[in-house]
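In structure tokens, one chain follows: the form predicted alone.
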Amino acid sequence: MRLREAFESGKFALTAEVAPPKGTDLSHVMEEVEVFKGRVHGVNVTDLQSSVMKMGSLTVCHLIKDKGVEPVFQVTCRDRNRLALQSDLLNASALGIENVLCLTGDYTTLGDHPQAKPVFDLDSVQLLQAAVKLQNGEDMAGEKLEGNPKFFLGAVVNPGADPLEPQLIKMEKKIKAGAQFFQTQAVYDPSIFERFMKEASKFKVPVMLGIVMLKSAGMAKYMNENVAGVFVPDALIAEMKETPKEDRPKKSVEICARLIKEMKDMCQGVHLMPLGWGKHVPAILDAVGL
């Protein structure tokens, strides 16, 4: 089940997400990947998410591909200059990794090494442009390549941004730069997503609704206060608060399924971010009939 083929054939595309370990023990990641096998069209591997030092995305993408799961290689511009970014894109292609999600990246002060020097030589739009240039047989300096990579390029968009207009302008720039599909930031309010899709549908590029599994009322409040453009309605926070701790995974599955049912007709796919609760993803998909 290839992601590109799912979109091209008009299927409703499904992706999930795993985070590399902080260390070398990949057992938990591989357990989650086994759960996703046969249920999703691709699995995103995060790239030092929230600027926390972990194993790299590329290595984990290669290992899950060996397990028969199609990876989505997340690449951020925070830690590498244009030399290293282009090199990693070629590395991915050599390993048979086609799906690339281009991100600017979180600032280093958010993470566990706040003293780390950020790079940001390129941003996500320029990274998309660089990937397209590589596909066309030359690097950013105009030097010819010996063999061209082939990518299916993705980008992110934030439907909950206020004002929305700058997001739509950036989205259009990303499409012109080479983005072939989009995954959104977490959305919990169907009216916000509907407002966004009314504008975004004119671009005629597939959009995947992003949903982070809620683990607690505290987590929902934290996202509201700290993640720009993410809004968890009070009703959902109250639902999580009233749920006993042992029943929270079941409640989270129920909420995700309900949200997907309400919004799936507006978009071309769903991207689930379980944050370590990957074993519950099949229950969400079953509840929605996907």
Partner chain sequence: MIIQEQKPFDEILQSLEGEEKIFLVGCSLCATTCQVGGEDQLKEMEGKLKEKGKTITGWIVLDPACQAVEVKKKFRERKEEIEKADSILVMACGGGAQSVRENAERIKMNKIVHPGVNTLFQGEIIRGGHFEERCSLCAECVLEQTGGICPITRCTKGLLNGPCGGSSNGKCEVDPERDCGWDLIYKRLKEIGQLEKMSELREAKDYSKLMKPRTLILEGDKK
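This one's a predicted model, so the numbers in the text were calculated from it and none came from an experiment. Numbering follows the first chain given and starts at 1.
The same protein also has a form predicted together with its partner chain, omitted here; what follows describes it.
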* Check, residue by residue, if Y107, P166 and K176 all come within 4.5 Å of its partner chain in the predicted complex, counting heavy atoms only. => yes
* Asked: With the partner left out of view, is L153 within 4.5 angstroms of its partner chain in the predicted complex by any non-hydrogen atom?
  -> no
* Taking heavy atoms and a 4.5 Å cut-off, does A235 contact its partner chain in the predicted complex? -> no
* **Contact label in the predicted complex: K215 to its partner chain, heavy atom within 4.5 Å** => no
* Can any non-hydrogen atom of D121 be found within 4.5 angstroms of its partner chain in the predicted complex? -> yes
* **Residue (of D162, E138, D112, E199) lying close to its partner chain in the predicted complex, criterion heavy atoms within 4.5 Å** => D162
* Candidate from V125, M219, V75, V205 lying within 4.5 Å of its partner chain in the predicted complex - any heavy atom -> V125
* To do: Just one of 54-62, 221-229, 22-30, 258-266 has residues with a heavy atom within 4.5 Å of its partner chain in the predicted complex, so point it out.
  => 221-229
